[in-house]
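Have a look below at one chain only, the form predicted alone, in structure tokens format.
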């Protein structure tokens, strides 16, 4: 996507998989041509040499997995956009790390921001934008129904796909089956935008038990086995459920007549209803949201930012020129 944009130069590529280190980025992308950017496993060296305006980080889901790499980029004077789900609002689950990241970014004069399709867009930014048409909001209920079939084995394990119902329950109890990562963040972002002070956030994970055989590239499910995770997050204010987010994820939902889609219901004055099917694609959507935020993040104030701190992004179809410095991915 970056190669399709004007005004963007990729000046570095950092990778952990040893089989890709030393390859030209064009080879890794299967372009049939060289880009003159060698994939490196030495982040310190790349960041020192590249002098990038912004680093795009897509390496993990949790703050504890990505914090040290973010701080390394910040120390080299780089703005950073992360796809780690918890980075959409690290204040929600890891306020100490959020404070460290904010302090480091302010001292370096750069911005740190987390985003993606969800969290980052469907179950938070889109909801927040729709409430602008309301003079009063009483509650929000939103649902994202998606197909896990294109995803790899790591996602299958984290969603419990292919387990028995008993194995699913044990996996949830042990923390091995996590379902969707991001409800805490999305609920906090919505509440902050609307000025709601939450009492607590509750989450529930339930198995989606298949009645039919299902097949995906990285999973096989027989009748009676788990095809995915039905994950719910609920935010309470003054003892009342004010934000309810539902995210049933499974392989081949169409096998049982389930259509994918994104659905938002806002109760208030006036009530607002939004629905779209099929789902907004997660992979392409995440890439687009990240790239389209680049000019906004580079121009933003220093510090740790959330989507509530930035303008609403738009597809960048024109020149994305940033400065004479480059872009490291």
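Numbering follows the first chain given and starts at 1. Worth saying up front: this structure is predicted, and the values here are computed from it rather than measured.
What follows is about the form predicted together with another copy of the chain, which we do not show.
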(Q) Tell me which stretch of 223 to 231, 135 to 143, 156 to 164, 206 to 214 has a heavy atom within 4.5 angstroms of another copy of the chain in the model of the complex. (A) 135 to 143
Q. Taking another copy of the chain in the model of the complex as the reference, which of 168, 113, 151, 121 has a non-hydrogen atom within 4.5 Å?
A. 121
(Q) Quick check on this chain: which one of 48, 275, 59, 68 has a heavy atom within 4.5 Å of another copy of the chain in the model of the complex? (A) 275
Q. Each of 184, 244 and 248 near another copy of the chain in the model of the complex, meaning some heavy atom within 4.5 Å?
A. no
Q | Exercise: residue 29 in contact with another copy of the chain in the model of the complex, heavy atom 4.5 Å | A | no
Q | 4.5 Å heavy atom contact, residue 201 and another copy of the chain in the model of the complex | A | no
Q) Closest heavy atom of residue 12 to another copy of the chain in the model of the complex, within 4.5 Å or not? A) no
Q: Would you please decide whether residue 196 lies within 4.5 angstroms of another copy of the chain in the model of the complex, comparing each non-hydrogen atom pair?
A: yes
(Q) Residue by residue through 282 to 307, which ones have a non-hydrogen atom no more than 4.5 angstroms from another copy of the chain in the model of the complex? (A) 284, 285, 287, 288, 289, 292, 301, 304, 307
